[in-house]
Structure formats: structure tokens, C-alpha cells
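Quick heads-up: it's one chain on its own, the form predicted on its own, in C-alpha cells.
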């Protein structure tokens, strides 16, 4: 009886919901219908907005532009008395977006993880400060996010998806005419494309640094001399800690010399190598030091340690390659060699201290491991040679036995049968 009543109640509820859905009128947005008939700038928003993240969340044109999209008559739909704002002024856009994006209670219904301090951050940026001063040419929300086709930042189609950020910033910062009034260079994008960061990013690592990583996004500002080391240290934590122990730290800080930037550059951060410590044309140390001064000698000493270990590891690898091609098992020696390479990596990182003893500690341990691996490879080759000699001797012995048996068999075959006389000529 109870189940029958429950089933009847469920059917009545479903029927009521169906009737309500049948009677409900679809949401009408005459803004899109009207603008879709236009070409160019008037029609593009209507074609772009259906895929915009705001549209997928149920927001309409009126949420930003005001007015009444349910009105078919254009004059009534765009009646200022109904709150129609039209195209907002550039100076108004940050505040307009912030009506929702700075409201924690409102945003919680759509994306609880999204920060709501973007407007505050924007106010601290170079863009925000210039906008407050009356410069409407600076970037506002719609320049970076696009006004009608905003996608989640995780979408590859988003203008703020990690691989897209350099081009988004470059639309302004690589434009000579746009940057001319500010005296800002426009080679940053080209330099970044030549960097190890860009190569890593385009290689599929979305955690690689982009413009926003170093400069910030909503609070975008160029890092000052005092903060560059901390900006780089956000990712390169260990290198920052090592540099703080180096003899460069105090004098560079006193002279207000940018730490990481001096040796690595800013936008074009290229692959490093031991040659940067040497005495050739690639040397960084000789930009400030002479070969014979204390700094130059320290650099040469570290350079010799690093290249020496690198050579040792290369020699060991060559021996192991030969042994492996010969079919010998050298797995354990390979592991030893790998440990030696780790010591070389650590030694190269320790270069940031510019303390030779720190570097030598790792290079010396690495040399011992390289020697162990090389000796293991040589032993494997010696065993291979021994096995070849043993195999050769075995083959000779087998050939001798086979030959002897063959001669014996031939001799037996030549003997006459028992009882048969042998005819002599």
C-alpha cells in the first residue's frame, strides 16, 4: 500500500514538472537575433558570445550592456530608462567587470575557486595606475580576455591559456606604434621566443614561465632590481638560496645590480653551459673579471672541475657502450654512471655560490663514480675477450676431436672384414 501511494506521488510530481516545462517560455534574447544579421563589428559579438563562458553559465548581453533583451523593438530594448549602457567606455570596463568578479557571494555560485581581488590587483599594476591617471590606451580587462569570446583559462582556445599568454601580451608590447609614447622596447616577445622558457612551454610543459609568471597578471608590473632575484626564486628556489651564500650577493646588492638578470638575461634566458665559466668568447665571468684576478681564477678553477668530470663521465659512457654492444651486462655500472651524472648536475647548480670547495665536493664524488663505472666496463670487456679466447680454444679442441674421429673412421673403413685375405699386388 505504501509503495503504491509513493509511486502515485512520484507520477503526479513528474506530471506537474512536465506541465511546467511545457508551459515555460524559452528565454528570448533579441540582442543576439538582431546583431546576427549584421556583418563585421556589429555582428561578430552575436556569433562569438554563444561559446563565451558567461553565456554557458546563463548570463546574457544585458548583464554587461543593460537594456531588455526580451524586447523585440530595438528602441525599447535599448531604452536608457531600462538601464541600457551600450558599449562601456574603456575607463569603465574594470569597474564593470568587478561588479560580479569582486563579489565573493555572487562568484561562489559560478566558480568558488576564482579569486575576487582582480580589481584590487589591477589597481596596483602599471596599467591600472595609468588608467586612473586618464590614459585610456592601457590594457583593460577586455584587451586580455576578449569581450565576447571568453573561455576558461584551462581551455587551449583561451587568450590567457599558458601558451597563448605571450601572444596576448605581445599584441600591445610588440607593437612599436603602441609602445612609442611610453618608450618601451618592443623586442620582448622575440627575445622570449628565443628563450629556454619558451622552448619548454611549446614542448608541452604548461608550468614553464610566461609573461604573467614574472610580471603578474592583473597586478602586472616590471620587477625592480631588488625583487628580480625573488621573482626568479619563485621557481628556482635552490639556486636563489645558493646565490645568497655567494660572494656576489653583498656587493651586487650594494651596487643595485640585478642578480639573475646580469648573467642570464630577462626575456631571452638561454640554455646554460660550462663554457660560460671558461675563457672563450662565451665567458660571462670575463665580462666583469680579468683572467688573472681572484674572480677570474675562481671561475677557471670551477670550469676545470666541471669539464673534467664531464670528460670522465663521457669516457666511462664510451666504455660501457662498447661492452653493451658486445652483449655484456652492464646495468649496475650504468646506475653508477647515472649517479655520477647527478653529481655533475649538483656541481653545476653549486656554481651559483661561486665557492670552489662546494663545487669540488660534488665533482670529486662524481669522478670516483665515473671511475667505478669505467672500471666495471673494462672488466666486462676483459671478460668478453676472455670468453672469446675460451670459445676459440673450445672450437679448436672440438675441431681436433672431430678430425681425429674422422680419421679413425676412415681407417676403420679401410680394414678388410675378418677372415678375408688381403690381396697383395
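Keep in mind the model is a prediction, meaning the values are calculated, not measured. Positions refer to the first chain, counted from 1.
This next part talks about the form predicted together with a small molecule, which is not shown.
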Listed residue that, although the small molecule is not shown, lies within 4.5 Å of it in the predicted complex (heavy atoms), from 234, 82, 339, 202:
234
The small molecule in the predicted complex has a heavy atom of only one listed residue within 4.5 Å, and of 326, 157, 318, 294 that residue is 294
If we define contact as a non-hydrogen atom of the residue within 4.5 angstroms of the partner, is residue 215 a contact of the small molecule in the predicted complex?
yes
If you check in the predicted complex, is residue 63 within 4.5 Å of the small molecule, heavy atoms only?
yes
Taking heavy atoms and a 4.5 Å cut-off, does residue 151 contact the small molecule in the predicted complex?
yes
Spell out, yes or no, whether the shortest heavy atom distance between residue 46 and the small molecule in the predicted complex is within 4.5 Å.
yes
The small molecule isn't shown here, but in the predicted complex, which of 379-387, 34-42, 392-400, 365-373 has heavy atoms within 4.5 Å of it?
34-42
